[in-house]
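So this first bit is one chain, no partners, the form predicted on its own, shown in structure tokens.
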């Protein structure tokens, strides 16, 4: 839920929705995870994610256009890094929420099995 202290018009809501849409692809999350430890080349990201160079390049372009990663060139190599570090706080919150939910489901499932 968006903070109630912030008033957003339709254009602002569209921008927020686009940012969340960037995060809705598992490969983009893998790329962000790979960049968590620091700047990487496309080749390094390919190795870390197990994907292909064209696929990684496509997703990096989307993440870059969305302002989540930045690109730096050095010689004939392109280096990518996180441009929006808040993304890891958001991911941590989502992961904690999922872990709590799974823990609750596990406890409920265990209790149901014990009563049978």
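Remember, predicted model here, so these are calculated numbers, not experimental data. Residue numbers count along the first chain shown, from 1.
Keep in mind the form predicted in complex with a further copy of the same chain is missing from the figure; the text below concerns it.
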| property | result |
| --- | --- |
| Partner-proximal stretch of 53-61, 72-80, 35-43, 85-93 relative to a further copy of the same chain in the model of the complex, 4.5 angstroms, heavy atom | 85-93 |
| Distance check, residue 105 to a further copy of the same chain in the model of the complex, heavy atom within 4.5 Å | no |
| a further copy of the same chain in the model of the complex - contacting residues of 19-45, heavy atom within 4.5 Å | 19, 20, 21, 23, 24, 25, 26, 29, 30, 33 |
